[in-house]
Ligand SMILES: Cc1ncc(COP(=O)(O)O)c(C=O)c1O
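The chain below stands alone, shown as structure tokens; this is the form predicted alone.
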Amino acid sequence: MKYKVPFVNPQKQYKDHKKEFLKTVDDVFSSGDLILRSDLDVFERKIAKLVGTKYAVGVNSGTDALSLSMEAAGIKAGDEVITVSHTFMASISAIYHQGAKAVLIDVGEDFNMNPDLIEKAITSKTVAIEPVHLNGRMCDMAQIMAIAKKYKLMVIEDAAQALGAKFKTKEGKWKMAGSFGLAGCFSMYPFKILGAFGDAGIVTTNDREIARKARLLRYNGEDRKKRKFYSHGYTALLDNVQAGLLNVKLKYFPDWLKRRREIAELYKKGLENIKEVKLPHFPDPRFFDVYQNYALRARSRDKLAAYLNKKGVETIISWPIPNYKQPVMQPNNIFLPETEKICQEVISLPMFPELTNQQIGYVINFIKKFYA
């Protein structure tokens, strides 16, 4: 089906910057610089500068960013890591890949980890907290980092949906997602705020040893300069072509963030008087949201989704089934009430920088008609 308002539109972004993209691909192919070359080095330096960390390590997915960070941090069988259920399953899978156990807690109305529930979940086996910054909004990192310090726990941030998001510390300083914990883990999946033409990811850290281990693990455990293998690693490298294309996109990243926030405000203005929906706008001035997704909570969500689809508006539901009810997570006796409610109510509207005001108005109009 060809939507009047698609959920994302990578074709438009490609068309807008086609000459730059094709030149980059031609440069990489013509030089033969395909693996571990300057484009990757440049991308890593730019991301580290953007996030505000000393190091950034390119890997081939956000999932690998999580898994390699946890392995580099020494998380192992028998350990427990506290995280949330309301996330993409990869956030949880990365913990189990280490042989560790994911201890799932509930989220708040903003879809993010409820830090008031962390201390109750800590046991003698707890070694880390994995906050998930969902939909372009950060978790309350002031409270999470305070708890982590109190109990001497590592923090590994799942920032897959939060590149560019910020949180203001009690000292009044803005800090970026991915700069608080031992490691920050980002996804450059094609439909993320900064998306590759395929899959990609990156680890950010201020810890030299974490960076060193992640670099080894991403490429079979080998130090390429010394030609020595220091671990049994993986094939999880961000290739030079994708890094080069991401370098092109980084030039437009600030404008794309600005446009996402403009779109969110237009949705807010158009929908804020509809009592059947809860919009993803929260008054806390410590947060700078970048709206990876415009995820709202809606009464009669499934009927609304079907209605919008019929009218040519593409939406996404993430996720209708709580992760702890998925087959891979059985057996368990978990019940998280806020997660249950969100899974029944959440729906994400079209959100991408190239979205026009006319398209936004079209979406708003039919949501109003549905609830009229």
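Note that the structure is predicted; figures quoted are calculated from it, not measured. In this text, residue numbers run from 1 along the sequence as written.
We do not show the form predicted in complex with this ligand, though everything after this point is about it.
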* Contact residue in the predicted complex, from F253, F287, Y234, Y189 (heavy atom within 4.5 Å of this ligand) -> Y189
* Asked: With this ligand left out of view, which of V81, I144, L245, V132 would have a heavy atom within 4.5 Å of it in the predicted complex?
  -> V132
* Structure fact -> Among 29-37, 57-65, 302-310, 340-348, the stretch whose residues bring a heavy atom within 4.5 Å of this ligand in the predicted complex is 57-65
* Asked: in the predicted complex, does F88 have a heavy atom within 4.5 Å of this ligand?
  -> yes
* Asked: Does N240 reach this ligand in the predicted complex if we count a contact as any heavy atom within 4.5 Å?
  -> no
* To do: Verify the contact flag for A200: yes if a non-hydrogen atom of it lies within 4.5 Å of a non-hydrogen atom of this ligand in the predicted complex, no if not.
  => yes
* Does the 4.5 Å heavy atom contact test between A160 and this ligand in the predicted complex come out positive? -> yes
